[in-house]
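In the form predicted on its own, a lone chain appears below as structure tokens.
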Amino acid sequence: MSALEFARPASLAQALALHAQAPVQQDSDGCMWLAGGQSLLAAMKLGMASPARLIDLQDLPGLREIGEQDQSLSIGAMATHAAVAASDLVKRWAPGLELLAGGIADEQVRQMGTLGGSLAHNDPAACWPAGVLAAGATLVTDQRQIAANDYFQGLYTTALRPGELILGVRFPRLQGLRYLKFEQPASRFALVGVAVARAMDGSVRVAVTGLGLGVVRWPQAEQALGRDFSLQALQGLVTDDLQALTDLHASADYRRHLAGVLTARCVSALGGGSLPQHAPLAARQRPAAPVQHSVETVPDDGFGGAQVLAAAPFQVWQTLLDAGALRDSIPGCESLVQTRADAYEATVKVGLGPLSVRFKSEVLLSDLLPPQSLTLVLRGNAGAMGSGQGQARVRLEPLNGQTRLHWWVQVQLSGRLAQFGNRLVEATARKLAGEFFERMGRALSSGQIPPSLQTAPWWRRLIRFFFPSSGK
């Protein structure tokens, strides 16, 4: 393991002071909180996290308590899964929440893992995020209170600010909550997990985890069950509105099917009727329509999307090829220079799951057909963490004075980075692509065109691009 500073403060004030005064070191992840350590320590051993200072929260007073506060059930952030599972108070306030805690991983993990640590990590297949979101709980930090709806923001992403510390979670009184998961056998994480909660006023919330992009609510199921909390209410409900990813464990269609099956079983467990013995009720999925790909032929291991930009195709094309515009649009881009007419070098810091990885990258352009399409080949090196390579195809389609930009991406990681799996890579790439085009779209819509694109007409810039030595 890498050298680091270790601190175990005895008070919250001391912990916050230690975090604020943490040393800043290059190529480190700064200061990090240590709760149960079930995820962080494993990442550190693999070299996937390198904190300069680690602050152990074990001795902070009050963070393990489970009690009643302000007409709600309050569970401290350092309360272990085992403690929640054994709490009679939890059983009275939110019946079924103790079963969720008692079904996490194995006994060793339940004795060490904590509620706050799980929520801060926000693994896309963890159990606690589904229970907290379905219950409509509120997270309490050292700075504010955050509703569960606002807290979970995607794959390993939360509303926490840098250095913000979860102190506990407050749950409203519930008629009942049921969480069921279909486990991946090796890891015990949820291939898919569903939590259904009934509030005291009769409203229903449904949260699904394990689909690949983080925990989400299922509004269609909530509305149907809110009108009639029964298995019959799920008849005809389709699951294809749930976004899911495919990996080596299960396809997206299978995950959506499981979401329907588990929702029905949760409803049955909460008194919504008895399931047929030989044909478990499940929400149905519409027959898959033929996929119309935007970019010629898309292999099975690729993915893509489309974005409408408020500019003509020539203007979008010019922006895509300008180093300054690219630097401003790429999330986490620290530097980008054009090395020749068809190549760039860049340093990009990417948030891959819970980690930040810095890539030294080369981008090569090929198959240029201005202003219609191009292909970008990306090669990145992250040092001891491994490397990555990918290919992105872009096609520009005129659309009433604007441009519909179609994109397709294929990414492959090697080395330690490959251990994150296809779902994390795809979800991260989707997020970065979305942010990239959103930034570029804002610049084009606001008229903030880089000065380098305003100094010559488009035809002359194209000549310079293809024939840089011409001087024209």
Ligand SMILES: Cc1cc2nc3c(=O)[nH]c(=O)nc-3n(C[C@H](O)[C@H](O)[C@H](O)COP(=O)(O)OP(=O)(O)OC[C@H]3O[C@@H](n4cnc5c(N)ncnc54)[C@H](O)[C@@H]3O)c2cc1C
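As the structure is a prediction and not an experimental result, all values here were calculated from the model. Definition used throughout: the rigid core is the maximal C-alpha set that superposes within 1.5 Å between two forms. For every residue, the number given is its place in the sequence shown, counted from 1.
Below, we refer to the form predicted together with this ligand, which is not included among the displayed structures.
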* Just to confirm, R255 within 4.5 Å of this ligand in the predicted bound form by heavy atoms? -> no
* Asked: So, in the predicted bound form, is S39 in contact with this ligand at a 4.5 angstroms heavy atom limit?
  -> yes
* To do: Evaluate M112 for contact with this ligand in the predicted bound form, applying a 4.5 angstroms cut-off between non-hydrogen atoms, and reply yes or no.
  => yes
* Asked: Does this ligand come within 4.5 Å of any heavy atom of L160 in the predicted bound form?
  -> yes
* Of Q145, Q232, S335, S187, which residue is found within 4.5 angstroms of this ligand in the predicted bound form when only non-hydrogen atoms are counted? -> S187
* Structure fact -> Of A264, L270, A126, L321, the only residue with a heavy atom within 4.5 Å of this ligand in the predicted bound form is A126
* Structure fact -> Of the candidate stretches 310 to 318, 385 to 393, 163 to 171, 368 to 376, the one with residues having heavy atoms within 4.5 Å of this ligand in the predicted bound form is 163 to 171
* **Partner contacts for 315 to 350, taking this ligand in the predicted bound form and a 4.5 Å heavy atom cut-off** => none
* Did L63 shift 2 Å or more between the shown form and the other one, C-alpha, core superposed -> no
* **Core superposition between the shown form and the other one, C-alpha change of V411 at least 2 Å** => no
